[in-house]
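One chain comes next, on its own, written out as structure tokens in the form predicted alone.
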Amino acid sequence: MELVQTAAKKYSDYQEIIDTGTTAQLDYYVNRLRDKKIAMVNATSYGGGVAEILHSMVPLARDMGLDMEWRVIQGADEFYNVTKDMHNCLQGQEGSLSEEAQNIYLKYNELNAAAAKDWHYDYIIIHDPQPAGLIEFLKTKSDARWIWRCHIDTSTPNQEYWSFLYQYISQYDACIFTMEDFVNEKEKFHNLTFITPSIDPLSTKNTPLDEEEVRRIIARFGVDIHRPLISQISRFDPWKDPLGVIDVYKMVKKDFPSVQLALVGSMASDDPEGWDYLYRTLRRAGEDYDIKIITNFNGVSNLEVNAFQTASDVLLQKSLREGFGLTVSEGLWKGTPVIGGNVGGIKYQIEEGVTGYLVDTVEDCAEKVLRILRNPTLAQEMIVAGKERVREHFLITTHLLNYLKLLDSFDGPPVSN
């Protein structure tokens, strides 16, 4: 398994942003866990919210004095095709889990476990379904505490897929979900915990940019800086509903003809379906040159994402299912009103009518976009409230603190197989 190298972070840089209470608690738990070794394990080192969080959390934890490493499992296309189907079906998509798919999933988890046979960690935190099966092959060989972190909305899963995964996650010493609604009350988990994801306010994606730089960056992609802009920053994924976003834009344009749309997304290594959905999005956009569809393969990095989120008049996150949706907090932190799907963790971030709007339909979304575009005073009120909500609840420092509290809480022997 690959050991991921990250850029350095300095804990001292965050002191002006976080409150003294958070600082005191972080110092306390870091001191208690200083002699422990912690592993974060997921499926990819780039693309998607989990990798983004770990690129900030791991080096920050290390600078604070914690021994934390990040490892990524290895797999081939057949494995990622299976786990993408698993991801979709755990969020409610119909489908049947074949015996061949089960064997592929277990084969790659076993191969990765063989590469990890000499691990010596006190805590192993496994992110999402892809590496969840590692525990089947490593638990009896390790004295570590195993924690499974679910980042997706499993409130109404495809039961065939859920039953298969549950036989592995039920072995974990603790399970973390984003919110209580994602957990089936009939299932039994050891040490069930709820932790929301976060943004890094000092990452390239979230630090303030000069207005001229913002304009220069978005103009490079053909955006007219003198006209209103709607953007959605997301993977090209059916659950993110980029096709619905284009429909919203078309409705808004009838009443607000100067509006432009940017769909900005990263193509991740563990998401083979993404390319197919990108092509579908391009077809839906057609020859409308006011729709800009941009990915990391034509020049978008975190800096460009920052610029689009900063420059936009309205940000959308029109998800149909969503574990959390980090782009919501990113937009609020930059002072941009956000309209999100009334689902999952988006509901935690947006206070209806205060920091943005929650919507269920294309028509409702278009109406809320028009309301913000026509009311600058309302937009300004949302900007102030949104940034403060993120500061209080959704920064990387609070996220790390919640992990440390969980690790420090373990008492007694690990769960046995």
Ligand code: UDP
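Note that residue numbering follows the sequence shown and begins at 1. Note that the structure is a prediction, hence the values are computed from the model and not measured.
Only in words, not in the display: the form predicted together with the ligand, which the text now covers.
Heavy atoms of residue 171 never reach within 4.5 Å of the ligand in the predicted bound form, leaving it off the interface. In the predicted bound form, no heavy atom of residue 209 sits within 4.5 Å of the ligand. Although the partner is absent from this view, residue 193 stays clear of the ligand in the predicted bound form, with no non-hydrogen atom inside 4.5 angstroms. Not displayed here, the ligand is approached by residue 234 to within 4.5 Å at the level of heavy atoms in the predicted bound form. In summary, among the residues 339, 326, 332, 248, the only one with a non-hydrogen atom within 4.5 Å of the ligand in the predicted bound form is 326. Distance criterion of 4.5 Å from any heavy atom to the ligand in the predicted bound form singles out 302 from the list 302, 142, 88, 281. Stretch 235 to 243 is the answer when you ask which of 125 to 133, 90 to 98, 235 to 243, 106 to 114 has residues with heavy atoms within 4.5 Å of the ligand in the predicted bound form.
Annotation for 202 to 226: the only interface residue with the ligand in the predicted bound form is 205 [heavy atom within 4.5 Å].
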